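For reference, the chain that follows is the form predicted on its own, supplied as structure tokens.
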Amino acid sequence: MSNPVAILGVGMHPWGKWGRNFVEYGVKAARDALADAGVSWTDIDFVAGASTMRCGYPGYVSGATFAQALGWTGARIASCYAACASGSQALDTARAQILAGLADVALVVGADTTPKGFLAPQKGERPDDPDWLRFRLHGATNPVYFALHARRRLELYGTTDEDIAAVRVKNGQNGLHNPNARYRKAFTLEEVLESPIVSDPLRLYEICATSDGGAAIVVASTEYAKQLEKNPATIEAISTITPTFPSTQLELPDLATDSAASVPAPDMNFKPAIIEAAYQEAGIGPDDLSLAEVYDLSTSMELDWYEALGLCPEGDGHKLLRDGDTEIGGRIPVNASGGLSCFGEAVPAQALAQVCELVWQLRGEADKRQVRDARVGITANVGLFGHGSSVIVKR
């Protein structure tokens, strides 16, 4: 179990399609986080930037980019790339600096400006890039992968099209009350089921869009927080583990799984293992959770995370949904923010945005989407190329 690190402040630039430079979104989020923390930019010892990327290749040196935009102060920096888990990696890097005694207070920023439509590979021939290969050789866009996961659920567990659509209905109702969400609209089950098929069995309203947005977090040592006379939420764990060989379940961007003929399969697949590592570090279990923010690239994937979080046995995720357990007011609300269904992907920012939502919930500042008596929250995420991502926050 690690020592906790204080979250002094959080900030966000609303998600949307704004068509401006990603730096603008990150700076806005950073300034809001600094104001929320009650510290100035010149107080920051360390800046960790979640890198803005395009399908495996770096777009910008984000730590230095944000440091320059806010004004050079000589602060140390880091830039972290872990695809959708970049924000968690950057947060973990800042936490390590603080726990090592190399910094008292740090700023973590992630922001993105996305292209029109679904994410696609950059131009050029790159036969050594597995992400490029899956597009070129198989035409396996992200929605195709989401659909493969959804089809697996339907075939193995008895999940229905209505269950997958019901996740979107739930998240849409939550996002309706989130001022930072891009899509603030309630849907009926019929509206979701009548939206166009994108990749069978998934429909348009069941797949997250690509979005512009930004998020930032100010973290500090608990001693620094005491000097400011604050009683902040704290980071109790960050899991950034990789898969264990043999990997027997397909994950982006792989085109095949490993054989378990000569090496036994691990006790857990990748996603449950990410969560278990976070539980072990924090010294808690699923029964201790008040809420969860999970990575719903498609609505069916949210059901996968219910099981990975240990909220129910494998294959029973849709039963949890049907019983209303994951609604606000239910036993364990999931994606009270509205999730990626309502935000869309702003890749470097989304893992940080999940933590921002937990902080607002634990402070009791989530307005009409507030989870009652929230004390412990967890995020669940995963990045391309085997980047685990889970953060546990407590107050």
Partner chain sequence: MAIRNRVAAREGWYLLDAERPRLLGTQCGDCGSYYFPKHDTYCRNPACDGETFDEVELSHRGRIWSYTNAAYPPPPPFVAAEPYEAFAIAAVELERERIVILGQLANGVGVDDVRIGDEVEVTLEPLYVEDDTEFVVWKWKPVTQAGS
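Just so it is clear, the model here is predicted, and its values are computed rather than measured. Residue numbers count along the first chain shown, from 1.
What comes next is about the form predicted together with its partner chain, which does not appear here.
Proximity to its partner chain in the predicted bound form holds for all of G139, A147 and L250, with the criterion being a heavy atom within 4.5 Å. Per the 4.5 Å heavy atom criterion, its partner chain in the predicted bound form is contacted by stretch 242 to 250, the sole one of 219 to 227, 168 to 176, 242 to 250, 182 to 190.
Contact annotation for V198: at least one heavy atom lies within 4.5 Å of its partner chain in the predicted bound form. Remark: D258 counts among the residues lining its partner chain in the predicted bound form, judged by a heavy atom distance of 4.5 Å or less. Taking the partner from the other structure, its partner chain in the predicted bound form has no heavy atom within 4.5 Å of any heavy atom of P266. Residue contact check for R151: one or more of its heavy atoms lie within 4.5 Å of its partner chain in the predicted bound form.
This chain appears without its partner; in the predicted bound form, the one residue of A277, L133, L320, A96 with a heavy atom within 4.5 Å of its partner chain is L133.
Of the listed positions (D254, D325, D104, E281), a single one reaches within 4.5 angstroms of its partner chain by any non-hydrogen atom in the predicted bound form, namely D254.
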